[in-house]
Structures are given as C-alpha cells and as structure tokens.
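Just so you know, structure 1 and structure 2 below are the same protein chain in two forms, each on its own as structure tokens.
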Structure 1
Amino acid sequence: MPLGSFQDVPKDLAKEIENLEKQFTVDTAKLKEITDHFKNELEKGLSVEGGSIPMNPTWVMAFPTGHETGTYLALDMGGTNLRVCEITLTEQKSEFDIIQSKYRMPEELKTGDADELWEYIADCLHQFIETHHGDPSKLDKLPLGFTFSYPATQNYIDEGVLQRWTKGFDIDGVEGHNVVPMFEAAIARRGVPIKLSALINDTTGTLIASAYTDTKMKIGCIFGTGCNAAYMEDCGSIPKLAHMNLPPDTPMAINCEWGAFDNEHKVLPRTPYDVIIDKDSPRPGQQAFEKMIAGLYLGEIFRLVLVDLHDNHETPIFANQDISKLRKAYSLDSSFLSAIEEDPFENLSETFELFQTKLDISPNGPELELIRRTAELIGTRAARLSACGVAAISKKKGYTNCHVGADGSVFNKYPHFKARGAQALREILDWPEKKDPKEEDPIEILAAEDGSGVGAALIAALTLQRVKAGLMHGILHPENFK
C-alpha cells in the first residue's frame, strides 16, 4: 500500500496502527536469532534425549531417481475426504498417470466406532478396485501407500502408532495403538486385494513426490491449516537411531512435525493475542510455531486484535455498533484475511462489504485502513516466520542452492505469502540483491507435487525396491513385500 494513503487516518488510529506494527513486525536480526535457535532445536529433536520438535524418522530411505515404474494404489485419509488413487509410474522419466476417486468422510464416523471407520475405508477401496479392475476376487494383491496424516510413531514403515487424533477425529481405542492391523483386518474381511507397503505422512509424501519430478528438491513443506516440513537426513546425524548401527551415510527422511518449535517460548516474538490463542486452545503450551503461522489461527489473531481495539481503547473502533458476531471465536478463517489483502480498491469497498455481510459491521474509512494494515501485518509475520524453518534446515544441511516444495492452502492461496517468505529468506541468508528480477533465488520455494497421492505411491515403490535389494531396516512384515 502506498505510504501516502495513511495521511487520512485520524491521529488516534494512526497511533494504534503504529502500535500494531511494533508488535507484529519481525526484523532481520530477529529472523536470524529465530533461525539459529530453530537449527539447534532440530538437532535436539534428533538426539537421544529429544526435544520439542519430534523429528520422526520415517523409514523412507532414498530419494526417487525418476526411473521408478509400476502400478500402485494410494489412500489419503484426510479430515473431509477419503481419496483413493491408482498411480502408474511410466517408462518415461519422472512421469506418471493417475486415476482417482474422492469419497466423503461422514461426520458421524469421526467420533464413532473404530471398526465402522475401517469398514467404511475398506468399502471405498473395494468400490474403487471393482470400478477400475472388475472382480476383486480374481486380482493379485496391489501394493498400497497409505497417507495417514495424524501424529504417529513409526518404528517401521509398515506400522504407525497413533499418538493423538487431530482434524476433528475422536475415536476411542485407536490412540496408542498401531493402526495397520486394524486397517488390514477390515480389508481382509471385505476381500480387498491389497497389501500395505508403507504408511506415510503427507509432508514426507510432498518431499518425495516433488523430488521425483525435480531433482533439485531437498525439502518438503506444508503451509496450510497446520504446518510441517520433511527433509532427508544422514543416519550418522541421528543419534537416537545409533543403536540400529545403520551406515552413517544412509539417507533417512525425517518428518519434523515442526509446529511444536519453541513450545518453551524462548525466541518467537509472541504478542498478547498469541498468548490468548494458546491459553484458549485445546492443548495450551503445544504447537507454539504453528499457532503463529498456520491458516487455522491467522483469522483468529486478526479477530482478537479487532475485539481488543473495540473493547479497550479510548476511542473504540466500530463505536456504537453491535460486534456480537465478531466475538465468536474462530469465526474468521484465513480466507477472510486473503479477501481483505486482495481488495483492489483505494476506498477498500470490498472489505467494507465483507464486514457488512459477514459481521453486520459498517467500518468507516480510517477503520478500513486499520483493518487492511492489520491483515497485512499478520499475513506478513506468518510468511516471514515460516521462512525461518526453511532457512534452519538449509543451514543445518549446508544447502546453498536447492528447491523447496511447498503445499497447503496458505502457501497456494494467501496473497503475497510466497514473495514475503522469499524476501525473509534473502535477509536471513544474506543473499545479494538480484540484478535481474527474473533470476532464480539460490533457495527457491516452489509449488509441490501431490504428496498424499503420487508421494504415497512412490514411497510404496521405493520400499518394495529396497526390500528386493535386501535392505530390511524398518520393515515389520517382510512377507507383505514378496
């Protein structure tokens, strides 16, 4: 926004804007301090003692070459949909064919009985195979990669012990248990010709799928409702796996689960609004980083700022208006902020209409300016903080020139998120200014390939490949790979 456009803002709101700018702006020195602490915390997560960031080994032990072939199924169990894909990795390098179907995840299953959930999934798989292959009873077993994007402990690639349900699921008798036998029992009962080759997290899938089509990809990230990253580590740098006696240069994909960075509140610049979000969340003290950068929370930070400026300010914003709709927690999501930032009109008429229709509030000119600036500050802070994680992995691994594959609604849809993140990386890593604006950055964050579909199929392929080569680390059921 041109600087001149704030000259119409009355002095008191200009003071409020200035105050918000102080609270939400993260300067270069702070970005560097966060990145250095982040790098140390990543290392701590790999140590025997562990740390806040789980740094889970995934037993995905190679990047794809692009020459993988074969037909694989992928199952993606998300919060809203169940997606089943059949992926054929073709003879052409780095190319694939995909057919897929989506099935709605019925709300009542999310809090129902475990058997009902697994039976529903088995039914969907049966239907998919019948549609595309005819009678399932006449088929050889197809290898399946299962994207199970809930926090799980994996001592093997073909098992996953659910740590806790997220995304609105709350089914008794699953937390603390290996989900694979439950899934396999249901498909056996239904007569579905499938053998589970790998249970994966969508972030690891994003890394592997992106690396399949672009060999410069070294990190996979999700910036969506939640946030996460995965990258390839050397086993020699993972002290908590030392007892396995793996060759030190063996690669191992690590699912960071980095939303938990700085749960101790040592370095992230939290505002009073961030403190409220954490205090009122279902799990206070957890996911500190995620609560400042993920889509689930951006709209809520914004809402808390506006309520505060109405309630606790000498000249309140939205004076003499009913703000009861604005008082409803989590009623604004990140798309609300996107719409404000995308408003192309000098007088912010689209923002005015948005407030009228969604909140029954009619902001005046100065209030609209404040609304716009607040959205920019929250969106910019999220993008700049997220760059610290990418920079920390890059510094830890000594990457000076690579691609990062990113997915998720905030990365794909939030205005200026990519450019703001790129600018922050430039500041943290001290890159010189570009001579040509078209020139690529040394570390470029690009849109990722489909991690939960193609990524899951590739990981199934890579796992079968290494079992054939006799590398049995992290395989619980070798008989499924014959």
Structure 2
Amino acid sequence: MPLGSFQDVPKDLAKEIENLEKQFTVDTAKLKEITDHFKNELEKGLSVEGGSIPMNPTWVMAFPTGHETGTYLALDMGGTNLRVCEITLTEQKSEFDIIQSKYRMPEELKTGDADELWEYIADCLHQFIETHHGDPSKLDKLPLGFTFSYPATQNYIDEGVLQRWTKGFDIDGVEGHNVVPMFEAAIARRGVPIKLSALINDTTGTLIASAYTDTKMKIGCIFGTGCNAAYMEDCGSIPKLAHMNLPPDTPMAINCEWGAFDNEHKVLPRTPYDVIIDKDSPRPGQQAFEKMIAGLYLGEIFRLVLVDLHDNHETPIFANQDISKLRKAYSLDSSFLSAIEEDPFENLSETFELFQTKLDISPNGPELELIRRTAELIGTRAARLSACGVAAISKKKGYTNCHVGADGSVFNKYPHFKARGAQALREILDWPEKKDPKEEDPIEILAAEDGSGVGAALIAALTLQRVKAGLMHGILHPENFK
C-alpha cells in the first residue's frame, strides 16, 4: 500500500489543506456574530411581519408533570424511516412502556406522488395494528400523535399546513395544504381505527419527552437528517399570536424551524461547496443553516470538495484515477465521514480501504491526510454552527443553567460532535475553563428521550387533558378528543 508518512505531505497538498482550513473554520468571533444575529432572527420570526425562521406555534401548551397516563399510538414520518409505536404512559411517575416497528421509507416515495406516500403510511399503520391488536375493524379508535417533521403552519394542534418540504423531499400537491385530511382519508380507506390527537414536530416531541424525565430540559434539538429545535415561549412574547388574547404567561412550544436561519446569506460563512449544495437541491434558497449542518448534506459537502480538488486544481488529487463513482451526487452519507473520522490507524488504512471498496479509488498517503482533515473540518464546522442556535435560544430566554435534549443520527453517531458543540458553546457564552473535567457545563446538551414516540404520546395526552379541562385554544376537532 503506497502510504507515505504524513510529515512529508507535498507542499501543494499542504496548501490545499490550509485553504480548506480557512474556508471551513469558524472562529469564536464569528460564532458570536452568528449567535447575535440568530437571536434577532428568532425574535423576528415571532413578530407579526415574520422573518425567515418560521417560529411555528405548536399548541403544545404545557410541560408534562410526569403523571400523564394512558395508551397512545405514535407515527413518525422522519426523513429516513417510518416508525409506528404504541406507548403506555404508566402510573409510575415518568415511566412508560413502548412497542414499535420500523419501516424503511422507500427512496422513491420522497420525490413521488402524494397519494402513494399516504397509502404507504396507512399500510404501515394497518400492519402494525393488525400485528399487535388483531382485526383492526373490531377496535375502538386509538388516539394518535403524528410526528410530521417538516415546517407546518398550525392554527390548531390537529392540523398542519405544510410550508415547504425540507430534507430532500419533493412531493407535489402537499405544500400549502393541510396534511391531516390527506392522512385521515388514507387511513379511512384502509380501515385503520385511529383518531388524530396531535400533529407534532420531532423537536417539540424531543423537548416534551426530555422534560418528562428531566425538569431541567428547556430546549429540544434534532441533529439528524435535518437540523432544528423547539423551546417553550410565553404567549405574551409572541406578537403574531396577540390577536388570540391568550394569557401572556401561558406557555407555547415553538418549533423554530431554524434550518431556515440566514436564508438571506448575511452571516453564515458559506463556501463554494455550500452554494452548489443549495443550487442543486430541490428547494434552492431554503434551509441555508441546515444545509451546512445536517446529516443529509455532510457527505455531499465532502464529496464536492474532493471532486473539486480532482478537477480544478493544479496538483489534482487522485491523479490518473477513475473517479466516476465519486461523481455521483449524494453517494456518500454522513456515516462515510464518521468512518473516516473514526479510523484509529496512524496510516489511515481503514480510510484507504473505504475508498477502495466504495469508490474504486486508491488515495496515497498525503491524500489520505487531506481526506481525514477535510472530514474533520466539515464535522467540526457542523457542530460549532449548531451551538450558535442553542446559544441564541438560551440568550433569548435568559437561560444560563439548563439542559438541552438532543437526538438524531449526527448527534448520536457522529464522532466528537458533542464535544465540539460543547466547546463552541463555551466560547460563545464565555464560560471559564472547567476545574474538574467531570463538572457539568452550565448549559449541557444531552441525549434526549425518544421524542417522536414518547414525546408524541405525551403531547397527545397533554392535549386530551387540556380539552377535558375546557381549554379549547388551538383545537380544530374537539369531537376527536372524547
């Protein structure tokens, strides 16, 4: 194997590495600048005029107490899988039982036809109920929390008008429409005994599920295929809801949809690669922040860098090699980057093998070093930018000491993501160095409870409770809550 020592990276490649470092490094001053702008944009999203961050009110109007009970279904239509769960919130405080089935979302559904999507979802639900309860036609209707993790306008908790598809979805005839009737029509056709109690976002679910077991939890985040957060606002601080005359201190969970932060490209340090990602995506001009952070895009940013260094630079990488496999858009996902960052060997032999088996490319030693550094830069930038969002919400709310519940494949699986994010938070918020490494940070981002399962069930339970108490704000179909 032609692996050189990294000390002797040829000058030209060392220059390329330096150049990439310049483009992808976000220093403390920039992090702070982004955070300040972010905080203003959060405010703007809550205003009557609105801004690019949607800041969607969700009609989730309380934190759980831990004493919620009952059995609920939860359906999670995320970016990658479809999951159906049955959750029982038990009599014991903050405890639950869960059974679940996962179904792979066929890739072609994401850019296919709306009817096919709803039929597929109804089929999965039908199959789940049949497996776990027997004949669906003999059952009473079960309350269901539907986790629909896309930006949706909700005048009511049991409706959701899709603002726009994100995460690479592109299905005609759904944007601008309330998805609940489409979903309900499909389950009615299939004879699935369900009544929808709440349409929720995965971040809101994460917030509520995490707060169920830890009352210090104030923000719910997803760092996965997409990237977003939710937190609890006071109705009095939501000017765009002023016409509803809700008591100012009533809580209202806000699904920020912060993936849309800086769609107008004012502060984020975009590289030419980010520009290409955006231009070639189904929704150019949208989700500027998400496209620099989320799992869907990390591998693609990396791929674009390598192709560029092969095609357009004086000393091309992978010279005289066939890079046709590398030319395929979205052929590398973020687990490819994870694997590179996790390669334990000094000579990066695992990375070499990965390139050989997956791409038919045999990188030499210096190229391997460039590959590793590029992965590190992209992963580090994602983690550091993510921290700006958390810092912005914390600053807006005046949180100086709290927990943030986070979920998603990037948060859970991408190497060093947590530590890099924590380091960036420390820089943004000017925390002194820790005395003891075991000491908690003032704001800790921790692994969340299952938001789209337990969180959806809890939100269904909280909504049922609210209706029972006669608090009918944001309820479109009270009859479904009997």
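Quick caveat: nothing in here was measured; it's all calculated off a predicted structure. Heads up, when I say rigid core I mean the largest set of C-alphas that superpose within 1.5 Å between the two forms. For residue numbers, the reference is structure 1: its sequence is counted from 1.
Student: Given the two isolated forms of this chain, which one is the form predicted in complex with alpha-D-glucopyranose?
Tutor: Between the two, the form predicted in complex with alpha-D-glucopyranose is shown as structure 2, not structure 1.
Student: Treating the chain as rigid parts that move against each other between structures 1 and 2, which of M61, C402, H126, Q321 sits at a hinge?
Tutor: Only one option sits at the hinge, namely M61.
Student: If the larger rigid part is held fixed, by how many degrees has the smaller part turned between structures 1 and 2?
Tutor: Value: 12 degrees, smaller part relative to larger.
Student: Using a rigid core fit, what is the CA shift at D140 between structures 1 and 2, in angstrom?
Tutor: C-alpha shift for D140: 4.9 Å.
Student: Upon rigid core superposition, what is the positional shift of the Cα of R164 between structures 1 and 2, expressed in Å to one decimal?
Tutor: Displacement of the C-alpha, rigid core superposed: 4.0 Å.
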